[in-house]
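Shown below, as structure tokens, is a lone chain in the form predicted alone; questions about how it binds or moves come after it.
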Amino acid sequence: MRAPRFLLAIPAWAWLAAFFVLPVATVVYFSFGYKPGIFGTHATDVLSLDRYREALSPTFFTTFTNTLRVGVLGTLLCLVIGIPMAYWMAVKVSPGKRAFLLALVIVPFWTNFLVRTIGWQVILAPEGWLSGMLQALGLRENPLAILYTRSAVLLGVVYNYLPLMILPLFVAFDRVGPAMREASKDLGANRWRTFTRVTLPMARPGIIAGILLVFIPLMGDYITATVLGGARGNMVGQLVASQFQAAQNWALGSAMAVLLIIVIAVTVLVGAAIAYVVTWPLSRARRLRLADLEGLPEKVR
């Protein structure tokens, strides 16, 4: 066939336009409207920024701050837990056992997200088995009081989104290959230096993918916050859902959703800028060392 090559991308572009661009554009358009009455959901005959001013009121702004704190901290915890787990699976475990371990990582996705979260509600309940076991062992005098707190929400999001961090990290570490690590060791680097100067930098695409896969859906999660957090673990996702479902104020809910998208985008850009500033001296030093080697004879190199 002699058709233009870009035709192969038309199905993907059509899908993105129909199920991403158009819905997001609709939400943005609704955010400039208003609630026309008790029984109305939205009206756009008069457009204004009033819903954004309402969404940025002190009450809602506190929820945005709490959501950002949970999102950043939950992503960092997933990264800290996921790196050693993925490295162990990709480097230390024999190839014959990796498929089984990957299956264990994916097993939680076989269960409904809501069911998994309710399971943690049962575990963390003051009258649950965990609280009873801690009291029986003498580790606590009173029942466990972690349910319906921000700590419970953080525990729930780390559990629910940790596989999304482990899988891309595993792929990244596995692609480095043993030859690069062996070459680093042959040149005199110890295990820690090999990991920090060879393996980890080469696995940067997987780290970035894992952070994005965890942070973006985590910021919009409202099931975990509703089931495990209650009023103390309120997040923006709950506010958006309540405005669309309970309050029937689609304009205000759309404004909150747009602000959430902006917060996620700005946070990702700020994180990328911080990562660039932190790693720039190391990359510059590496370039200087390579430039010094260019003037040496081939045998000395």
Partner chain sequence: MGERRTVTDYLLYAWGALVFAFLFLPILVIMVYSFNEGRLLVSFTEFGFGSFRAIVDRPAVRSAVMVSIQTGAIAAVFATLLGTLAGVAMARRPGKWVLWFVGLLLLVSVTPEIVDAVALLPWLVFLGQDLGLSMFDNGVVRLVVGHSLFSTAVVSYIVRARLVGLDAQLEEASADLYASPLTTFRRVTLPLAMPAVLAGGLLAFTLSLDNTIISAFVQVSGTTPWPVYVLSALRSGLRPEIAAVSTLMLLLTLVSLMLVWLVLRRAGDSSTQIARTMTGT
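Positions refer to the first chain, counted from 1. All values derive from a computational prediction rather than experimental measurement.
There is also a form predicted together with the partner chain; it is not shown, and the following applies to it.
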Under a 4.5 Å heavy atom criterion, is Pro143 part of the interface with the partner chain in the predicted bound form? no
Using heavy atoms and a 4.5 Å limit, would one call Ala257 a contact residue for the partner chain in the predicted bound form? yes
Taking 4.5 angstroms as the cut-off for heavy atoms, does Gly33 touch the partner chain in the predicted bound form? no
Should Thr62 be counted as a contact of the partner chain in the predicted bound form, where contact means heavy atoms within 4.5 Å? no
Which of these stretches, 196-204, 67-75, 103-111, 133-141, has heavy atoms within 4.5 Å of the partner chain in the predicted bound form? 103-111
Under a 4.5 angstroms heavy atom criterion, identify the one residue in Ala189, Val176, Met85, Ile208 near the partner chain in the predicted bound form. Met85
Any residue of 111-125 that, in the predicted bound form, places a heavy atom within 4.5 Å of the partner chain: Thr111, Asn112, Phe113, Leu114, Val115, Arg116, Ile118, Gly119, Trp120, Gln121, Val122, Ile123, Ala125
